[in-house]
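Single chain ahead, written as structure tokens, the form predicted on its own.
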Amino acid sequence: MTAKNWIVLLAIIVVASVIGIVFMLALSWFPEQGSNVAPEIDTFWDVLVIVSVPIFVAVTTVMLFSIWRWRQRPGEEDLDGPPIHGSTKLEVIWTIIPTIIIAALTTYAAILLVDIQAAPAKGTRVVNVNGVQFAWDFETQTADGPVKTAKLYLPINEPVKFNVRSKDVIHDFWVPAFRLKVDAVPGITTSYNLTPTKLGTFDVVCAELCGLGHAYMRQTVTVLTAERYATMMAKLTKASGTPVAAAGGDGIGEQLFVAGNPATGATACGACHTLAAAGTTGVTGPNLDKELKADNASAADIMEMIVDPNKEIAKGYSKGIMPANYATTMTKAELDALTKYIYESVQGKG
């Protein structure tokens, strides 16, 4: 191959690499940054792009040039190519250079991981995250004790440690705006810590295929100012102040709907369902305000839906998404209180 060919190839590689890098860096790959570690992770992604694009361009350019330059021409179908010994020097070069690149990127990634996983500072807020097919629920540790909720609330610019668990199969706790994610594995507790840095409401998703309802295993985390967070937690603490074991009293049905029963493992209905009266917006299951009103469901109908969810499936949903064990994880008094609360909330009597 002539020197001219090499110059042309090099020029194509340089120009195409610059264009490719600019284009890739200009794309909006991720949602807005919502935590203190997000900028570091996004920077690492940019470094990977800057390194990877020229390699891709160089390999592709050389491959296409070789196909064009040494392609088979008419009349050469039965010819064998000339014997080629190869170049030991070239083989050494293309082995050493990728090794150096991979080692450098691996070192960078390791340093970043160690930095991200540094021990949380003293006084870091602790949130227990529980995954169950197919919903999330959260237990925030406060000065007044743990507060269990279907939706997650966090204060801005305050460090938080997530302890992540699963009650059934492997899930994966991921807030894309925070960038970090970790598996929720039955029998063990995984964790990571970060600091929310942006106000707003962000998606919580499961990033591990966990069954039929995996795509619907979504929730939200809302980051509030310190003042609004304190007000919200005071309200939630008051709402969860009555022990579930005393079922039958006022507010028990709402508590079961919003927080479930951590003592028995009963999942919070609000983690999966939307109900305006409870302030929940779950989409894993049907919107109860719409579905129950449309069906003119009675209290007896609602009770049957709770204890035998697979008997009749709402349009657009599948069997096996809703847990079928509420008859055993709740007492009759709790089931009656929950049924009454849902019925009166939908009918506007609550």
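All residue numbers refer to positions in the sequence shown, first residue = 1. Here the rigid core means the biggest group of C-alpha atoms that line up within 1.5 Å when the two forms are laid on top of each other. Here the structure is a predicted model, which is why all the values come from computation and not from measurement.
There is also a form predicted together with a small molecule; it is not shown, and the following applies to it.
Peer 1: Report the residue, out of Ala314, Val57, Val47, Ile41, that has at least one non-hydrogen atom within 4.5 angstroms of the small molecule in the predicted bound form.
Peer 2: By the 4.5 Å criterion, the partner-contacting residue is Ala314.
Peer 1: Is there a heavy atom of Thr267 no more than 4.5 Å from a heavy atom of the small molecule in the predicted bound form?
Peer 2: Contact check for Thr267: yes, within 4.5 Å of the small molecule in the predicted bound form.
Peer 1: Is it the case that Phe257, even though its partner is missing from this view, gets within 4.5 Å of the small molecule in the predicted bound form, heavy atoms only?
Peer 2: So Phe257 counts as contacting the small molecule.
Peer 1: Just checking whether Val53 would be counted as a contact of the small molecule in the predicted bound form - the rule being heavy atoms within 4.5 angstroms.
Peer 2: No, no contact at 4.5 Å.
Peer 1: How about Arg179 - does it come within 4.5 Å of the small molecule in the predicted bound form, if we only consider non-hydrogen atoms?
Peer 2: Flag for Arg179 set to no.
Peer 1: For the three residues Leu288, Glu291 and Asp295, which mark the spot I'm curious about, does each lie within 4.5 Å of the small molecule in the predicted bound form through at least one heavy atom?
Peer 2: Heavy-atom distance to the small molecule in the predicted bound form: all three under 4.5 Å.
Peer 1: Work out which of the listed stretches, 107-115, 93-101, 188-196, 269-277, brings a heavy atom within 4.5 angstroms of the small molecule in the predicted bound form.
Peer 2: After filtering at 4.5 Å, what remains is 269-277.
Peer 1: After a rigid core superposition, would you say the CA of Thr195 moves by 2 angstroms or more between this form and the one not shown, or not?
Peer 2: The answer is no, as the C-alpha of Thr195 shifts between this form and the one not shown by less than 2 Å after core alignment.
Peer 1: Align both forms on the core first, then report whether Thr329 has a C-alpha shift of 2 Å or more between this form and the one not shown.
Peer 2: After core superposition, the displacement of the Thr329 C-alpha between this form and the one not shown reaches the 2 Å mark, so yes.
Peer 1: Core aligned, does the CA of Thr149 move at least 2 Å between this form and the one not shown?
Peer 2: The answer is no, as the C-alpha of Thr149 shifts between this form and the one not shown by less than 2 Å after core alignment.
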